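Next up: just one chain, as structure tokens, the form predicted alone.
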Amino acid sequence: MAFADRFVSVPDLFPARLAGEHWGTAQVSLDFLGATYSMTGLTPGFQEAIEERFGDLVVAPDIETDKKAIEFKVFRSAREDFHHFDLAGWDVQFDFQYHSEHVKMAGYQLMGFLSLYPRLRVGLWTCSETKSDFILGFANLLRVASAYALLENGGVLIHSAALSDGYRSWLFPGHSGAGKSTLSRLAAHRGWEIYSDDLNAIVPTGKRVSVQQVPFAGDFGRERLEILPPRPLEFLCKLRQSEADAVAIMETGSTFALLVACAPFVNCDPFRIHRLEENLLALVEEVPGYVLDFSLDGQLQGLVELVEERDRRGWNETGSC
């Protein structure tokens, strides 16, 4: 099956540049992870949906800031441009096509185009008319755009749970079923900060590496996003469900491989994989990695103390304390 066949009626007419009929003249800007995204071509309803969904990330228009902003243009498509299918029980999926200078993305009622040179610019073509349908496709394309923006700035977007005790942060990379939501619930009961149990940003900040929040939550999503400050990243932990709590050091190569596997969108891009590897190699040199055996009866504070004790006492050649 060729790119976009399962979503788009005539894949050969897939947009090849940022052009088309806008939905309206409304616009809104979002600021997160050190970048401003300027959305244009919106209806008033689309603008309202973005403002409701992304809360305090919405910023007022500014002439100087807008000159450096990432353009995000929204265009109208006809409903006939897309295949219709029943969404009941459907697992959200997308098609991607990678090129040295751009990326194409196809999904349900969505065609996306990321122009990567000379700078990131984004186009969304959709036939969705309701606020709820529009914001679903918009947020998914914004996820991809933010992954590329982060990559260019030395960071990376990671499938993970990120928790903080208010001073430092812990990152638990992993895909669905790894235990991220379970651990996040334990942390929430103890009053810890939950950045997200789905996607988090790892960003170099001077000589440290920090976890920063992205506006894409999993089970711990909120109707209106509440911004948490960046926290220094103290530990990277691979979760492994077990009958008893235990911890072992993870070799640098294994930590690197885990992070590559959990870096969505860019880890499948053959033209950007080298940049991803460079960013992650710099990361794993700064932050220790652990394998954390985690029982459903475990307590978060006990796990924290276990890792910290091992870190203080050091490790022998087998990775045991």
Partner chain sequence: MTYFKLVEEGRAKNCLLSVLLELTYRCNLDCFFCYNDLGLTGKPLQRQDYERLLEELAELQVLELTLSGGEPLASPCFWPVGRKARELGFVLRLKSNGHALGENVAKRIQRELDPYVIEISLHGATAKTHDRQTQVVGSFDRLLSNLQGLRALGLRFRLQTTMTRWNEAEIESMFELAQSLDALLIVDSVVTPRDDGDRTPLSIAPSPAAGNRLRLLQEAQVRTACTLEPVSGKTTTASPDSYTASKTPLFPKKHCGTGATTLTIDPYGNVYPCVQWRRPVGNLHQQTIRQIWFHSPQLPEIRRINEQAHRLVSGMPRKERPRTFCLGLAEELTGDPLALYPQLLDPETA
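Positions refer to the first chain, counted from 1. All of these numbers come straight from a predicted model, not from anything done at the bench.
Form predicted in complex with its partner chain: not shown, discussed below.
Out of the listed residues Phe138, Trp125, Tyr108, Phe172, Trp125 is the one that sits within 4.5 Å of its partner chain in the predicted bound form by at least one heavy atom. Contact with its partner chain in the predicted bound form, defined as a heavy atom within 4.5 Å, holds for exactly one of Arg208, Lys131, Arg76, Arg185, namely Arg76. Not displayed here, its partner chain is kept clear of Asp245 by more than 4.5 Å at the level of heavy atoms in the predicted bound form. The closest heavy atom approach of Glu251 to its partner chain in the predicted bound form falls outside 4.5 Å. Its partner chain is not drawn, but in the predicted bound form it has no heavy atom within 4.5 Å of Glu152. With a 4.5 Å cutoff on heavy atoms, Asp81 counts as touching its partner chain in the predicted bound form.
Residues Gly20, Glu21, His22 of 20 to 36 are found to place at least one heavy atom within 4.5 Å of its partner chain in the predicted bound form.
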